[in-house]
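Just the one chain here, laid out as structure tokens, in the form predicted alone.
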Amino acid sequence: MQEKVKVIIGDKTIELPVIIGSEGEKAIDITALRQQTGYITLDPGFANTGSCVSSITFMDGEKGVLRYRGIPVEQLAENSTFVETAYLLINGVLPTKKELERFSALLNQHSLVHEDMKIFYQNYPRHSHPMGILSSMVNALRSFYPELPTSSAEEEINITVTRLISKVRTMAAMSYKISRGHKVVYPHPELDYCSNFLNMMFENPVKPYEIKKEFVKALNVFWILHADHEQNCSTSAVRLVGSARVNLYAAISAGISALWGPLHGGANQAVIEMLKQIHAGGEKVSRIVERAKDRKDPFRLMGFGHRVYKTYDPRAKIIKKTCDSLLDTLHISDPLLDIARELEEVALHDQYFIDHNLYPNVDFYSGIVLRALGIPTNMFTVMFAIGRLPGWIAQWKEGADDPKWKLYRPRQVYTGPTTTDYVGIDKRG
């Protein structure tokens, strides 16, 4: 028998069904609330509101758990590749060897970007942020790659998916090269996804780029850890825009725009900028920590704490291991990285940080990893977007396939003036 809750409003009592997830999560289904009572719920920031039922990603903020399609993210980071993880998220199961080979071949096949798109890049002002450019360019892909009239709906989606995952990577590297006035490097058919990206970013006619296996592993881990994270701001934006039945390109463009914000995707960039300020100011780390604890001080310590996780972010544990291995193995020396390690050590043992669950999060370490890979700071959020792309696609696809899917249309509680008569301009004081 389905569990129900009773809601009492005045002398009226109604029963609402309880939805129970596969991990024991419980939600009160308020679909009929307004119809039966005239009331709506109010939840600014949607901290207690479920927008959908999903089988893609499970996370438990109190226990520090994150799983894609049931598989712990720790296992994927250790054993999988980004391409395999992308397949898992989008299709719901790990691919067979043959399926993975076919998926990889399709990514390679669709990796080139239409030559006319380079004109768009070349005409953007040089100071434009890469995220704004990427959002616009992803939307433009729809014009360059319209629907295929001879394909089935499923085949159309599969081709669009592979186009996006492959071309966004190419477009990101292309934008970096053009911003520096360098010759664009094209994808190489013999290289895997991550190696191809690094080569397109850093290959130079006068100084060939050496693809280090440590860099490839670190990039795979970085993108796997960012591949999906339940109903966050950008994912919700993709689902909301997708609910209007827009094309996938437009929905992903909305997600990129949402990710652009400093409180979401821009956090890893903010970490490095903070470290630069600390280094330039010459303050001791102990003093920086004391400033962070002082509520009257406007200084904020970036990369610590998380809105959902009340314990150590599971992704942070993994990327920290990757970060330490990368720096130690390659003997990378960087004053900002030295400050970061000292800051981490102090914060992890400070009682204030422990009591307030202010553990280093994934953004703290990922910014350090990207800097070690040579990725410029203004490209950090773009790197996040490439990693999150499979999750956005999976979430859009799940919504599009849901027979109960509805157009997103939140309610509001109006607090403005009541009926007010129009006053002619000559009579306004």
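Whichever C-alpha set is largest while still superposing within 1.5 Å between the two forms counts as the rigid core. The numbering used is simple: start at 1 and walk along the sequence shown. The structure presented is a predicted model; accordingly, all values stated were derived computationally and were not measured.
The discussion below concerns the form predicted together with a small molecule, not included here.
Peer 1: Which residue among Ser179, Thr170, Asn232, Ser80 has a heavy atom within 4.5 angstroms of the small molecule in the predicted complex?
Peer 2: None of the others qualify; the residue that does is Asn232.
Peer 1: Exactly one of Arg287, His188, His129, Arg307 has a non-hydrogen atom within 4.5 Å of the small molecule in the predicted complex; which residue is it?
Peer 2: The residue from Arg287, His188, His129, Arg307 that makes the contact is Arg307.
Peer 1: Consider Pro335 of the chain shown here, and say whether it contacts the small molecule in the predicted complex, taking contact as heavy atoms within 4.5 Å.
Peer 2: Answer no; every heavy atom of Pro335 is more than 4.5 Å from the small molecule in the predicted complex.
Peer 1: Does the small molecule come within 4.5 Å of any heavy atom of Tyr352 in the predicted complex?
Peer 2: Answer yes; at least one heavy atom of Tyr352 falls within 4.5 Å of the small molecule in the predicted complex.
Peer 1: With the partner left out of view, is Arg388 within 4.5 angstroms of the small molecule in the predicted complex by any non-hydrogen atom?
Peer 2: Result yes; Arg388 sits at the interface with the small molecule in the predicted complex.
Peer 1: Although the small molecule is absent from this view, report whether Arg239 comes within 4.5 Å of it in the predicted complex, heavy atoms only.
Peer 2: It does not: once the small molecule is placed as it appears in the predicted complex, Arg239 has no heavy atom within 4.5 Å of it.
Peer 1: Looking at the small molecule in the predicted complex, is some heavy atom of each of His264, Asn361 and Phe384 within 4.5 Å of it?
Peer 2: Each of the three qualifies.
Peer 1: Pick the stretch from 154-162, 216-224, 288-296, 239-247 whose residues have a heavy atom within 4.5 Å of the small molecule in the predicted complex.
Peer 2: Only one stretch passes the 4.5 Å heavy-atom test: 288-296.
Peer 1: Establish whether a shift of 2 Å or more occurs at the C-alpha of Phe299 between the shown form and the other one, with the two forms superposed on the rigid core.
Peer 2: It does, since the Phe299 C-alpha is displaced 2 Å or more between the shown form and the other one after the core fit.
Peer 1: Following rigid core alignment, is the displacement of the Ala237 C-alpha between the shown form and the other one equal to or greater than 2 angstroms?
Peer 2: For Ala237, whose C-alpha is compared between the shown form and the other one after core superposition, the shift is less than 2 Å.
Peer 1: Is it true that Leu198 shifts between the shown form and the other one by 2 Å or more at the Cα, once the core is aligned?
Peer 2: Leu198 C-alpha, core-superposed: shift of less than 2 Å.
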